[in-house]
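First comes one chain, alone, set out as structure tokens in the form predicted alone.
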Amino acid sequence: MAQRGIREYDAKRLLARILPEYLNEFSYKGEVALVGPETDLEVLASTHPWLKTARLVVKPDQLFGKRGKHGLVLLDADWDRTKKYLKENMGAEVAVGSITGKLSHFLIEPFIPHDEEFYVAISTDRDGDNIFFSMQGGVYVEENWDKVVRIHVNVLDGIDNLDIKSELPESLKDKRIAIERFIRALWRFYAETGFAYLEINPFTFRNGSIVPLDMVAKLDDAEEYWQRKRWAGLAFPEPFGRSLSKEELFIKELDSKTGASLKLTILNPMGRVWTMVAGGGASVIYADTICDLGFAKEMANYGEYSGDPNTEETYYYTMTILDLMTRHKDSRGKVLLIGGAIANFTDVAKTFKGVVTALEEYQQRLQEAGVRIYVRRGGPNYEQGLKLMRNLGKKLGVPIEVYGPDTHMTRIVPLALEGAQL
């Protein structure tokens, strides 16, 4: 399971659209607007007429918290003041903790005057889910964590038989039943919509109804196939402070057009250890092995190709890796690890045809960069695929060592690091 953060904008739209399935009296409408660098504010106002009539809240929506503490939240503003704030802050560089990045996306929503602030969050562990609730929500909830109530939902038992009401403070009085019903509905929303983490801090009451004021949410990307309808229109933005290179963007676009999985993150373009690993789990294991052997600083990239990509897709993926690793020469040489577990359904021979074609085209640059290649693979048609790689090694003029499923999956890592004298 990979937890992927989503914008507050998307979290609130999901909440407004889906939570009423579990809580009839939930009346939050999800009046939110997202502003990016290309947004035409006049068109936005015509799409959301409330922008010109309501008092507004404006805040960055880029997967970082404590926006109020950083002085980045505009409260109780009219539309003209909102436009001025956006003009002044769009593209501004800010430091959030140890991370510096540019502001590029903002959330606008109606300003809700309130006196009470409550906190609720749900997280998942190996035994089930944990629900956290506090009467003292807002920016200082962490300082008052001793007042937070924790309710555990066992993965097998569910929430129906839990006595949530008795866990809530009696001082909630007439709000106690409403909050209990809200928590039960929120957990069902969480469990059935593919969330891995959900926090509403704070929420308040307006005219007797619960209103979320601030939200943080992460989704389990393993749920993506099952949640296609519910997640329709969702975006998974990059973490604050990180912008994609043109190569990462290219692979991301390639990934979006295929049923396979193609991922690439460049860690250190000057690094000497490059990987091309089949399978998400295998990519983690290879990365851990490289780091465990003391070569984290030399690790150039992280990613995967899996889900039976076709020859053309594998070719473009390999070309991207080879182009990156041969741009900067190093007198000590470099290594390329082409690894993976034993595939269930990926045709190894078919994918290796794309790899071979790319390697042939980069023959001279590979030689000039002093690249050594280590291959380990198993799965359907692996014998034919490994034969392609062995034959290539004989004519390419680049050292290629090839291993099959009889060799431990990560054995090529120490072989490569020792063989290249890294």
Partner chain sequence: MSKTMSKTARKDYVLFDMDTKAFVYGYQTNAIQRMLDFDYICNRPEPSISAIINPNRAGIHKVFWGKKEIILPMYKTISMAAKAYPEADVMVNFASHRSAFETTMEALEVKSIRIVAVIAEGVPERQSRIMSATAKKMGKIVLGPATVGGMTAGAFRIGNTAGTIENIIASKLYRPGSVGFVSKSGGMLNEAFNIISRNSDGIFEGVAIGGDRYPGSTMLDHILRYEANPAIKMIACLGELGGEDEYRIIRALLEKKVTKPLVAWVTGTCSPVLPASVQFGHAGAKADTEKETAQAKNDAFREAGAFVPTSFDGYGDTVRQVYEMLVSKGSIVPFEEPDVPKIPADFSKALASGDIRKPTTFICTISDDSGDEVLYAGKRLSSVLEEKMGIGGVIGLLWFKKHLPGYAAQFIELVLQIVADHGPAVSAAHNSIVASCAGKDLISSLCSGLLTIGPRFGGAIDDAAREFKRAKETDMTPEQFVNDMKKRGVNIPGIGHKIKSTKNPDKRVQLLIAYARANFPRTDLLNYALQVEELTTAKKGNLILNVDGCIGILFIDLMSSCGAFSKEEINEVVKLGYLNGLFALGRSIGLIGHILDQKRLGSRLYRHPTDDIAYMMPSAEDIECKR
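Remember, predicted model here, so these are calculated numbers, not experimental data. Numbering follows the first chain given and starts at 1.
Another form, the form predicted in complex with the partner chain, is not on view; read the next lines as being about it.
Taken together, E247, D323 and K353 are entirely out of contact with the partner chain in the predicted complex: none brings a heavy atom within 4.5 Å. The partner is not drawn, yet in the predicted complex one stretch among 163-171, 236-244, 88-96, 209-217 has residues with heavy atoms inside 4.5 Å of the partner chain: 236-244.
When you look in the predicted complex, the only residue of G281, G294, P113, G71 with a non-hydrogen atom within 4.5 Å of the partner chain is G281. This chain lacks the partner; the member of I159, I151, M135, L267 within 4.5 angstroms of the partner chain in the predicted complex by a non-hydrogen atom is L267. Heavy atoms of E25 never reach within 4.5 Å of the partner chain in the predicted complex, leaving it off the interface.
A residue is said to contact a partner when one of its heavy atoms sits within 4.5 Å of a partner heavy atom; Y225 meets this definition for the partner chain in the predicted complex.
At a distance threshold of 4.5 angstroms between non-hydrogen atoms, A343 is in contact with the partner chain in the predicted complex. Residue contact with the partner chain in the predicted complex: L103 places no heavy atom within 4.5 Å of it.
Taking the partner chain as it sits in the predicted complex, the stretch 286-308 comes within 4.5 angstroms of it through a non-hydrogen atom at A287, D288, T289, C291, D292, A296, M299, Y302, E304.
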